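Next up: just one chain, as structure tokens, the form predicted on its own.
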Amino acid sequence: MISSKKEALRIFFSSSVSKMGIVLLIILLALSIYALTAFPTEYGKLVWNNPKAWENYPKSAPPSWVNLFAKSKLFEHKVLESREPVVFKAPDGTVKMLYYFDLDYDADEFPKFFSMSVKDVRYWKSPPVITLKLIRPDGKTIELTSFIVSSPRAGESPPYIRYQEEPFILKIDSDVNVWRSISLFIKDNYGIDFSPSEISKNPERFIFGSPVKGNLSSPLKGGYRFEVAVTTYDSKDAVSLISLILGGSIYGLLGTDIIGRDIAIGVLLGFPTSLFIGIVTSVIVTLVGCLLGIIGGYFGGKTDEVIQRSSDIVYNLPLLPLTIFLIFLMGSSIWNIVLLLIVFGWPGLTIVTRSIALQLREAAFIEAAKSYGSSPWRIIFRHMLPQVTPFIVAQMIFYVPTFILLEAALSFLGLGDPTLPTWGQMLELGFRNGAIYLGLWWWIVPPGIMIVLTAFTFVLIALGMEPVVNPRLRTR
């Protein structure tokens, strides 16, 4: 028998399996802490599950690193932002704020879409005028579009605030004025006539293309500079943020799903949710199950009979179908999921712990404690519980992957908490939208790997605990 905690730790860390499990656990915990600190609490509800928040992102785009294996270089999704303009006062008394965006274009395809986002405009007199120009690598300049911020409303007093809650998004490639500007640009610089209706079919081909004998099949590579000029009529006028969005075929570390959500963010946010469900549920189930088993084994009689019959009934209930039915009735909340996993998870451990308690009850040190007048509860918590602590810890660790997989199964069935991004939900959405049949492997593989890796981590730690619990495994 192990005589001290120090000896138990020495035996545990003597195994390479244990060390590997602890390293993986530290990585999982670090990623969970980062996710909790980097993203607000309501991120899942307000952003992740809000399709409007992802409308400027490419849909079902593979990861950026696929360019390493592509024959022709794909265009990576770009979001160009600028907050600090160059400000100068014009001779006519107006104030101009110039925002510059530089783009080094080296892809072999055109962008999928092109839009401009304007966030939080404040003005005191007349509404500002915003103009977008593009200076191409060949030195030619296109004035793409110009628009006026919405005017003051009746009864409104300055400062007039626009686009504070949600940014104003101008789809450059869907603007008739842009088509006309490009048509004039192509005619003046290349002597080729394209009607605005022809340009509307694929404006990016004309904005970023280089006509050679009327052919715009390949992009003009090199350095592009976008210039956004905001003309204001008061020195106190301000614009918080201007962004240019160039839709690409690839995006980020893990790509996007059908809504345009960044899968890397979803995978990251899945860490704290999965670990919370797995660890919290496992701790409570283990403590309840072991305590009931020890109480029943020590007291015996009617107490033991009630506990054992209750555990037999609950143990033989079909866990997954019953959990699905109750979640339908109670609602898909993370707290309801944890509660149901606890309610149906304790009986197996109670049955096993009872048999251990029956052996300990007849031990000499228990009889000695009784002879000294120790109360039954003191004997249970002071003498019996420490004896089964290594077994309890091992079971607690072993149960974590079980509950993580159960939560993933419930989420895969569409019964997970809709306000929290989970790996099971990502898999469910992917399967529902035919990700496998469409070849969108980046949508399915990352969350699947994370579920397996997290479960594998706790399996390694549980295997490392076996020599601590079972003396036979410490000898050859």
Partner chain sequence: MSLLRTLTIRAVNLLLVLFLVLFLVVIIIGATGTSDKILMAIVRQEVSTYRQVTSRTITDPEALEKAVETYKRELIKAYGLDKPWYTRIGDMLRRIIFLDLGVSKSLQTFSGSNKVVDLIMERLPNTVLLVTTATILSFVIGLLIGVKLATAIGSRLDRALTYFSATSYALPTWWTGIIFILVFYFYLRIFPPGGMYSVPPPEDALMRFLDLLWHAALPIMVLVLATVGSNIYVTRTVVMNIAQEDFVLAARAKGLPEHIIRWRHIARVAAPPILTQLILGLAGSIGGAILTETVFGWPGMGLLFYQAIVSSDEALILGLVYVFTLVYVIARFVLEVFYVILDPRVRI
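Residue numbers count along the first chain shown, from 1. These figures come from a predicted structure and were not determined experimentally. Throughout, rigid core stands for the largest set of C-alpha atoms superposing within 1.5 Å between the two forms.
There is also a form predicted together with the partner chain; it is not shown, and the following applies to it.
For a residue to qualify, one of its non-hydrogen atoms must sit within 4.5 Å of the partner chain in the model of the complex; none of P40, F75 and F147 qualifies. For the options I449, I33, L46, I27, the residue carrying a heavy atom within 4.5 angstroms of the partner chain in the model of the complex is I449. Shown without its partner, this chain lists W335, Y100, F325, F299 as candidates; in the model of the complex, only F325 has a non-hydrogen atom within 4.5 angstroms of the partner chain. Checking 312-320, 154-162, 360-368, 110-118 against the partner chain in the model of the complex, the stretch whose residues place heavy atoms within 4.5 Å of it is 312-320. Within 4.5 Å of some heavy atom of the partner chain in the model of the complex lies at least one heavy atom of F398. In the model of the complex, the partner chain lies within 4.5 Å of some heavy atom of L460.
At a distance threshold of 4.5 angstroms between non-hydrogen atoms, P51 is out of contact with the partner chain in the model of the complex. The partner chain is not drawn, but in the model of the complex it has a heavy atom within 4.5 Å of T402. Once you line up the core between this form and the one not shown, the Cα of V393 stays within less than 2 Å of where it was.
If you fit the rigid core between this form and the one not shown, you'll see the Cα of I192 move by less than 2 angstroms.
Relative to the superposed core, A238 undergoes a Cα shift smaller than 2 Å between this form and the one not shown.
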